[in-house]
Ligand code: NA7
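Only one chain is given next, in structure tokens, and it is the form predicted on its own.
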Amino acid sequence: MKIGWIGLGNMGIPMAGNLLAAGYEVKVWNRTPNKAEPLLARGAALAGSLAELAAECDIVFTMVSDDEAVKAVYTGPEGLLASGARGTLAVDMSTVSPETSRFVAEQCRQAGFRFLDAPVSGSVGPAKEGKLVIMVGGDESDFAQVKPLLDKLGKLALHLGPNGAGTSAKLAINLLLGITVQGAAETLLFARSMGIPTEQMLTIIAESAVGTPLIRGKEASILADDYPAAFALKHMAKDLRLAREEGVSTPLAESVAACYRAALEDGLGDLDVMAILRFLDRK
């Protein structure tokens, strides 16, 4: 089985690397070809075009930044669906709107492709470790075909229903992620205002019923006030915008979406999502 991989950002490189490590033949494509060099050194091949990738691969994964990028990769004039290939199974692991997933799925059907939306919960660390949670929408038989590969990428892969179900679940879990990160930031700032050192408050959180691997994993960044992006704040702002466009309007959802949007406008978009702490501290 030949595997194609499109999108070599912070997530795409370790995920494609896990498929290489599992012994699969992987061919990659990225708008910036030199980003493929770490994978080429491990045995991956580089495709010269999306058409070449579609023609030569049985399954093609896409992991790109947003709705516009997904549509360009699939339906652009030099995209996958313009290749003339038929029968290819495309698996989009990007975080986009359910509407985009359903649109691309229909375009794939018309072009003779099969399509799954399969976004992931987890950032760079789980991606490297193959411990992502993968939420899948689409035909169940297509899910069964790709599941052995998904099992190399994540600790759990769930089929949730038709196309759009995977992206719907991703927006829901990222709403909780945004609320959790901002809640921790507000807690730390409140404790600090009362004289409780951040390091001690982090210990209290970690040992309490509300302690999570997420916050424990951010401890070093919080204490150093240094936020290299494992999951960029700009992506959280985008995901919360998509959730609002899908109809969520609950009090916490409205508040957290506004806060991340303001942090993005304040120039923190390329930092890690935990940089919401820095934004709130400035207020």
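As the structure is a prediction and not an experimental result, all values here were calculated from the model. Residue numbers here begin at 1 and follow the sequence given.
The protein also exists as the form predicted together with this ligand; that form is not presented, and the subsequent description refers to it.
This chain is displayed without this ligand, yet in the model of the complex the stretch 238-246 from 210-218, 253-261, 238-246, 37-45 comes within 4.5 Å of it by heavy atoms.
Using a 4.5 angstroms heavy atom cutoff to this ligand in the model of the complex, none of Ala16, Leu89 and Val91 count as contacting. Not displayed here, this ligand is kept clear of Ala55 by more than 4.5 Å at the level of heavy atoms in the model of the complex.
Contact annotation: Thr95 falls within 4.5 Å of this ligand in the model of the complex, judged by heavy atom distances. Within this chain, Ala69 lines the site of this ligand in the model of the complex, having a heavy atom no more than 4.5 Å away. Within 4.5 Å of some heavy atom of this ligand in the model of the complex lies at least one heavy atom of Val73.
Annotation for 201-232: the only interface residue with this ligand in the model of the complex is Phe231 [heavy atom within 4.5 Å].
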